[in-house]
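Heads up, the chain below is alone and in the form predicted on its own; it's given as structure tokens.
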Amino acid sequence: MIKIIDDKLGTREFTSVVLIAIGMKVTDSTPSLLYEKGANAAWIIPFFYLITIGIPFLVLLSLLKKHEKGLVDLLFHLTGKVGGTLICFILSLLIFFSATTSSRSYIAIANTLFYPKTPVIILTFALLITSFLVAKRGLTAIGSVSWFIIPTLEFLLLILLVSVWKDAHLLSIFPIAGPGLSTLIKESLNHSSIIGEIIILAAFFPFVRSYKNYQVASLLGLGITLFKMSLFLAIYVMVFDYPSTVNMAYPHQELTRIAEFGAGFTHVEGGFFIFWIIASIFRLAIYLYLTAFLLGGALRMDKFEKLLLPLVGLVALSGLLPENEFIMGSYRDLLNKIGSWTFISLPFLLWFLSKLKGGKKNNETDKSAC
């Protein structure tokens, strides 16, 4: 079993971790990915995530409560040494590539909209080294600081919505079903990994004070994230209309550019960018720490923090290899499909193995009693 030396996280800290790790996706290039297939009805897709990811996550919660183990130890307990190592390695790869695509997306946003004259390689290393320094402090420090960041970030998002509401046109979200209900269901399945990382965050279960804290924080964070994602996907369409949203790589940043707070306030997008980049740094720090934790679990390492620095170098290298973010986008689409079906099926596999092992134990008990 991996030993946790950090202090435990409470409900509010772990909720903040979930909101930064998953909820931040509404501010990057993720919306444009959903608009490609979901069209003007992309805002409905998060509601389908309540089924495609919500049900598997509830199954996983029942397993965590029953076995009182984090995801890594649960994998080794139910699938054995070989199976646990293999699955941990696959999950670490998924998070690693997710960190790679996210970092490249953040760098593209900063380079295109705010620092066009700064070389991409300098922005990459600045972002990742800062994230490494945050991750090195441990999950407790990340969770504690995240709790201070999240209220400010959510308040700014609310202010942003209020400031652009006058430019929103409700009729733009019609027809409600967009390209059709079947298409929306299909895309919600193929892109469930957008929210499905809540499954992998179960690896942090040993860092949380109790099962109750973990359960409340996870469900609260997931619920807020889904609501926020649906709301912003609808707002982007109502403000920019469809199909403009499909051709818009970074709708959130474009939204901050049209925000108005009176004649005395100009270039407000810079203020939003400061808090956005801070949250992005912490999100990458969470991903780096989670990747190191999962890879350390696969290798059965107690001192998994040693893997952080090599992982930063690999993320930087893999992020810089594609010539541009559009090439990275094709890899991201494949990653989403693989990750989606992995996250959906894994809890059911573990549930089946748990039932199977439970049945075997009951049979052995009955025989011994005879």
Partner chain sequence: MKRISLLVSLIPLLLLSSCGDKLELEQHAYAVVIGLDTNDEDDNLIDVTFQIANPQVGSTDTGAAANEPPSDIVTFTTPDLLSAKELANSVITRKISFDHLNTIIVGEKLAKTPLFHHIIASAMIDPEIRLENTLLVSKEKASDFIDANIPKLETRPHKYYFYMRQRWRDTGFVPLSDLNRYFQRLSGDLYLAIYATTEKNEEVRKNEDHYVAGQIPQKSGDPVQMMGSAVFKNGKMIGILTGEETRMSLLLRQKPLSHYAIQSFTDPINNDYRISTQIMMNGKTRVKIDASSDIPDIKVTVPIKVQVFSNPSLTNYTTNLKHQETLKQSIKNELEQIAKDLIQKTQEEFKAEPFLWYLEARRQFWTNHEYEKYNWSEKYSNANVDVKFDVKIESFGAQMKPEVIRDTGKD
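Numbering follows the first chain given and starts at 1. Here the structure is a predicted model, which means the values were calculated and not measured.
Omitted here: the form predicted in complex with the partner chain. The next part is about that form.
Of the residues given (215, 190, 79, 118), 118 alone sits with a heavy atom within 4.5 Å of the partner chain in the predicted bound form. Listed residues 231, 220, 159, 133 were compared with the partner chain in the predicted bound form; 133 is the one with a heavy atom within 4.5 Å. Put simply, residue 163 is far from the partner chain in the predicted bound form: not one heavy atom of it is within 4.5 Å. Contact check for residue 179: a heavy atom falls within 4.5 Å of the partner chain in the predicted bound form. Although the partner is absent here, residue 300 lies well away from the partner chain in the predicted bound form, with no heavy atom inside 4.5 Å. Within 4.5 Å of some heavy atom of the partner chain in the predicted bound form lies at least one heavy atom of residue 239.
Of the candidate stretches 289-297, 91-99, 167-175, 71-79, only 167-175 contains residues with a heavy atom within 4.5 Å of the partner chain in the predicted bound form.
Residue 269 is the only member of 268-288 with a non-hydrogen atom no more than 4.5 angstroms from the partner chain in the predicted bound form.
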